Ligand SMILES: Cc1ncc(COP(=O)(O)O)c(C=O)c1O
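Okay, so here's just one chain, in C-alpha cells, the form predicted alone.
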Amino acid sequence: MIGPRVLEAALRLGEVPAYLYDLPALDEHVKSVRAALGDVELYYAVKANPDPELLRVLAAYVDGFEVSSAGEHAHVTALFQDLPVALGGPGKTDAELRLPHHRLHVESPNELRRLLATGLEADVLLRLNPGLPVEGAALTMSGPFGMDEDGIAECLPMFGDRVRLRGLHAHLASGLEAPQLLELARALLAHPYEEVNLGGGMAVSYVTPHTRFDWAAYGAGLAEHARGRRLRIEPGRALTVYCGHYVTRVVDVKRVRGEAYAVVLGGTHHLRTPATKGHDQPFTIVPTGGGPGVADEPVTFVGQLCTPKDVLARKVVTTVRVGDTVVFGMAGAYAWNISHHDFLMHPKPAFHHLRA
C-alpha cells in the first residue's frame, strides 16, 4: 500500500512518467537497519541505485560504499571524498585495479597476479564461491563469480607486505530471509579469517510489499557468530527499494480476445524490474481519468514498447480508466538503472525527490 503522502506528491508531478523518491522514508528505514546491526559494518551496494540524493541520505548511516566499476567509483568518490570504497566485480580492467580503495575484492588468481604487477599497495578480500546449498534463493551467484577453495589456496602464497590479505568476501545469493543468511554466515565463518564480508541478498517481497527483512534477528545472529571478528555486509535492494515510485498515466484500455489491457506511458524501458524478475510490480491507481475503462476484473498493465515482454503487472483484478494515474511502488532499486532506456527512443522519465 502506497501512503497518501506519496500519492499526493505523485499527483503534483505534472509530466509523467516520472520517478519519485521518498527521502524521509529512506532515512527512517536505513536508520533502523543501522541500529539493528550493532558493530557489523554496513556498506551500500551502489549498483542497486546510484541516484545522488539517495546516496546522500545513505551516507549518514553507512560505513562505506561497494562499487563494481570505474564509473561507479568515479560517481561515488566525486560525491564523498572521505567515505571508504570497496571495489568488487568480475572482469576488472588494469585501470580499475589501480583505483584507490579501502578494500579490493579479488575474483581469481589471475586477477591477483595482475594486481601485483601494478606495483601498487592494496588491501584484499578474496571472493569465495564455496558451493554451499542455497534453498529458496531468488538468484544464486554461482558459476564465474569468485573462486572455489582451490583458487583461494593458489592465491594465499602471493600475499606480502605490499598486497595484503585482509579476509574473505562472499555474496552467494539474493532473496534470502534472516535465518537462511545466518546459516550461510555460520558456514563462512568456519574459515579462519579475521575479516569477513558476507555480501547482501536480503529478501525483498514484491508480492507482499509491507513485509520487511528481519534486520533485528539478523543483527543479533551476526553478533553471536562474530566472536571478535570484523564483519561487513553490503546490501543494495533491501535498503533503497521501498523509497522509489514510478508514476505514469493510462493512455488506453482495451480488450483483446476477452482479456483486458491497460496501456501506460513508459514501460519496462524505464522500469525493467518486473520483466527481469517475472513478477507483478505492485501499484496503486489514482482515479484521475474519465475515459473508457473496465471495473473489477483482471487487467494486464503494459507499456509502449513493441514487444510482448513490456509487461508491468499481469491480470491484476482492479478498476482502471483512460487518464488514471498509476503509481508503481518498490521502484527504488534495480529499476531505472538496469533498464534499456533507448529502445524505441521514447522520452526519459523525470526524477523528483520528496523531502521532509
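All values derive from a computational prediction rather than experimental measurement. Position 1 is the first residue in the sequence shown; the rest follow in order.
A second form of this protein, the form predicted together with the named molecule, is not displayed here; the remarks below concern that form.
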Query raised in the report: Hey, with the named molecule in the predicted bound form, do Arg127, His169 and Gly201 all fall inside the 4.5 Å heavy atom range?
Result: yes
Query raised in the report: Of these, 262-270, 92-100, 230-238, 151-159, which stretch puts a heavy atom within 4.5 angstroms of the named molecule in the predicted bound form?
Result: 230-238
Report summary line: the named molecule in the predicted bound form has a heavy atom of only one listed residue within 4.5 Å, and of Val320, Val326, Ala331, Ala45 that residue is Ala45
Query raised in the report: Within a 4.5 Å heavy atom cut-off, is Ser108 in contact with the named molecule in the predicted bound form?
Result: no
